[in-house]
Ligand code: F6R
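Below, in C-alpha cells: the form predicted on its own, a single chain.
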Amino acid sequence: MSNFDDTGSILGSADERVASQQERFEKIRTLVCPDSSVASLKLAKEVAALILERQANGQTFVLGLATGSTPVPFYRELIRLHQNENLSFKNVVTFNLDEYYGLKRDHPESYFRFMHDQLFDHVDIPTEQIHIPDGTIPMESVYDYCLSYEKQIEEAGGLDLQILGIGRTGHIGFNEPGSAMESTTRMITLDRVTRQDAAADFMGVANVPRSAITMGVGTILKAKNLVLMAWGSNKADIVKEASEGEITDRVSASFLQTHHSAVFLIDSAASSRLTRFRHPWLVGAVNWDASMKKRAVTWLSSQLNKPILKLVDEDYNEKGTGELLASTSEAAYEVNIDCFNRVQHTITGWPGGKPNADDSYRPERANPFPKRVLVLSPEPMDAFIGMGGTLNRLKEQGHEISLLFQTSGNLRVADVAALNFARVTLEMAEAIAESGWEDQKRYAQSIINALDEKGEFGVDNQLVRRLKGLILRGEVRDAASVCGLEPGAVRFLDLPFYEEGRYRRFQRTESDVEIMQAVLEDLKPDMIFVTGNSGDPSSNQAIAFNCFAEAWSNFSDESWSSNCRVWSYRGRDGGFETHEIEMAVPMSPDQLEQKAEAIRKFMSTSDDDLSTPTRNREIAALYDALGMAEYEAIEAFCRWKG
C-alpha cells in the first residue's frame, strides 16, 4: 500500500503532480510511505539539501516546525544528519506553530521544552534564531505579542517550509474547528477532543491547559511549501476528510487544498480510509481475489442498506462494482453466497478453538486444547477495552491464560488517586498511634508533599509514579477478577521505555526487547493476542507492539512459534473495518455488562474508554445489517502474520 518513490521529490511532488486515476478523489498531493522512518529519512535529506544550498549562497533557510509525536522521527533524522554527516543549522531560522498558554517554559509538556529536548539541544542552531510562541505572556499583552510574532516571520523572509501534524479535529497548529482561512497568530480556546487527546501527557484532562497561542491558518498558508505528516490508524479518518472532503472551517487542514505546494506525507495505516485504498474498484481495475470480493460486497451491502443475500446484479452495476461480476463470470447470487459464507465463518463463540469439532471453517484451530494463551496489553486498560469479553470466554472454555501488562500505565493515573491513598495511610498511622507505623507515616507525607510541590502542571517524581503504578495494579486485579481470571494469570512487565519516559518521548531499548523475548521463551504460547500494530509509531501501544514483534522475529525457526497464531485486537487505536475482521466473538447482554464493569474498575478512564460497549454494539449492528445473526455486541480480531 504505497505510492512513495525513493527517487522522487517530496517537496517538489505537489508542483509536478499529474493526478492519476487512482488519486482522483484526493485534492491534495498525498504520498503514502511504508512507515514513518522511511518518510522521515527522505524528507530530512531534502531539507538538508535546501539548507546546504542556502549556505552556499550565504542565505538563511526559514523552517516552520510542529510539535507532538508525529514529527519526532523527522527531528531524529535531522539530528543524525548533524551528528554523523556534519550538517550545520547555523543558517536556519525556525518558527514553531504553537504553545500552550500558561505553561512555564521549563515545564516538561511545554512546546519550548519539547523542541529543545527533541531537536534544538542536539544541533548547532543559534539560540537567537529559534522562535517559539511564549505561553507566559500576560493576558493583556497577548494581542500585541501575536502581531509581533507575525512581523518576525515576515522580517525573516517568510517560511520556506512549514512542517505540520494533524489533530483528530482536523486542526493544524491549534487552529480548532471554526478557525477562519484568513486567521493569523492569536490565542485560541482548545477543543474538548484536543484536550482529551493530551490528557495522558498531563496525567489527567483537568491538568491540560484550556488555551494556546497558535499561528493562524492564513499564516501557515503563506509558507512557500507545506508538508503535513500523519502516522497511525487513528489519523486515517481525518486524513481522508482533509484530503478528499470539502474545504471547511470545521477541518482547518482542508484549507491546505488551496495551497499550490502542499503535500500530505502519511504511512499505510493513516492512508487506509483514502478511496484508492479503501474502495479501489471506484478508481480503477483491481484483482478480484477472495479478500477484495469480501471488501467490495460488504461495502455494497452497507451502501444500499441491504443484506448480502439480497443484492442483485443491478446493485453491483449501479454502484461501480459491476466489474466484479464481469471479471469472475459469476452472477450476483453466487458472489453473494460466497461472501456471506466468508463473513459468517468469522463468527465464533470459541475464540480459542472448539475441541473435537471440524475447524475447516472456524477462525481458530481445534487443537491443541487447551491452549496456552498469551494476551499482551501495552497499558493496563487496553486488553479490557479490546477483548474483555473474549478474555472471559477463553477462561470459561478452559484455556491457560497469561495476561501480561507491558507497562505500568502510571502516567494515566490521576493525582487524586495517589493523594487519597496517601491521606488514608496517614490517617491510619495517626489513628493507630502505635510504634511500627512511623515509616508509613513518613512515606504518606512524602507523597503528599511531592504532589503539592509539583503544582498544577508539574511532573511526578519516581516515588509518586511507583505508587500510581501500584494503585493501577490493584485496579487491574479487580478488572481481571470480573473477567474470571485469578491473580496468578496476571503479570506486569514494567518495560523500561515506559518507566523511564513520558508520552511523545518514549524510545524503545534493547532491554525492552530482551524482556519480551524472555517471556516468549518461557511461555511458548499456542495463541497470542496483541495490539498497537497500526498505532502512531511514537505511541506507547506501537512501541510495546514493536518490542513484541522484534522479539517474535527471533523465534522464526522454533517449532512452537510456527504452530502459534497471533491475533491483533484494537484498544485505543481505532477499530477494524468489517472486511478486515477475521474473528468475531459475540457477547450476550450479560457479558457486555461484565466487560463494562471491568472497565469501570479503573478510576482514570476517559469518555472514549467508557463508550467501548457502544462500539462493540456497533460492530454487531454491522454484522446484523449484512444479514448475519443478531447479537448484542461483538469483539473483533484480525490475524497478524508478521
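The numbering used is simple: start at 1 and walk along the sequence shown. Every value quoted in this text rests on a predicted model; they were computed, and no experiment measured them.
Beyond what is shown, the protein has a form predicted together with the ligand; the following relates to that form.
- Just one of Thr578, Ser40, Ser604, Ser69 comes within 4.5 Å of the ligand in the model of the complex, counting any heavy atom, and that one is Ser69.
- Proximity to the ligand in the model of the complex, defined as a heavy atom within 4.5 Å, singles out one entry of Met387, Met381, Leu265, Leu97, which is Leu97.
- Contact annotation for Ile166: at least one heavy atom lies within 4.5 Å of the ligand in the model of the complex.
- Taking non-hydrogen atoms only, Gly173 approaches the ligand to within 4.5 angstroms in the model of the complex.
- Among heavy atoms of Arg572, none comes within 4.5 Å of the ligand in the model of the complex.
- Under a 4.5 angstroms non-hydrogen atom cutoff, the ligand in the model of the complex has Tyr111 among its neighbouring residues.
- In summary, the region of this chain contacting the ligand in the model of the complex, judged by heavy atoms within 4.5 Å and restricted to 463 to 471, 123 to 131, 158 to 166, 283 to 291, corresponds to 158 to 166.
- Contact annotation for 223 to 254: a single residue, Lys235, has a non-hydrogen atom within 4.5 angstroms of the ligand in the model of the complex.
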